[in-house]
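A lone chain, given as structure tokens: the form predicted alone.
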């Protein structure tokens, strides 16, 4: 059974249209590749009740919840306070997180990025974590990532800066996720077909889906028109990469036969 995941994107700048959320797109690809089933991506403002409610909602249905943003030193960085409220835990100074933040500001001061390395209340705020949290090292920025366990569920809090988020995910966090998802592999093929009418494709895809329920098959186009070609995505998970590829191969044989009988040309197949 797939481990369900949910991503909560936090920040006024996202919902004001000032910043494009690329983090959730990147996370969806990473999680899917690891074997997760991403159920939902939610965007909320820097508003404590809204973040807390989004977390409580996610805890009702997902094994893994990842938040992005809201870990910084300013008053509107509220993610960790919201996590503490959602889990009914206290915020407390984490010695490891404090040491990491302190080291970062010493480094920044030496490089002339900041005026001093003093651990002000605002900087110390980034080391105040919910009780029981494990800090995750951030090799790019100052705010550590955070990992918490609530029974069998896991909450991960990542910074909103893409470079920092990717560093923590691919570094400190990845072993935990690999252990969570276990052995497995994800594979995806894409075919481009000469058909400008998705409604005509739908019953053909349905036949392949019914014959191969373990393979996700979906068509996609950006517009209508006589020159439009559709992309058909086939995706599968298996215990090994070979198993995933076998599932795709079998599904593609069925789908290609169905398309051929319907007179739809296959223009390209990307394996």
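Only a predicted model underlies this, so the values are computations on that prediction, with no experimental measurement involved. Numbering follows the first chain given and starts at 1.
Another form, the form predicted together with a further copy of the same chain, is not on view; read the next lines as being about it.
From the list 90-98, 128-136, 70-78, 174-182, the contact stretch for a further copy of the same chain in the predicted complex under a 4.5 Å heavy atom rule is 70-78. The three marked residues, 14, 24 and 199, each reach a further copy of the same chain in the predicted complex, with a heavy atom inside 4.5 Å. For the candidate set 214, 241, 206, 56, a heavy atom within 4.5 Å of a further copy of the same chain in the predicted complex is found for exactly one residue, namely 206. The shortest heavy atom separation between residue 166 and a further copy of the same chain in the predicted complex exceeds 4.5 Å.
Contact check for residue 190: a non-hydrogen atom falls within 4.5 Å of a further copy of the same chain in the predicted complex. Contact annotation: residue 229 falls outside 4.5 Å of a further copy of the same chain in the predicted complex, judged by heavy atom distances. At the 4.5 Å threshold, heavy atoms of residue 65 stay clear of a further copy of the same chain in the predicted complex, well away from it.
Contact annotation for 6-44: residues with any non-hydrogen atom within 4.5 angstroms of a further copy of the same chain in the predicted complex are 11, 12, 13, 14, 15, 16, 17, 18, 19, 20, 21, 22, 24, 25, 28, 29, 32, 37, 38, 39, 40, 41, 42, 43, 44, listed in sequence order.
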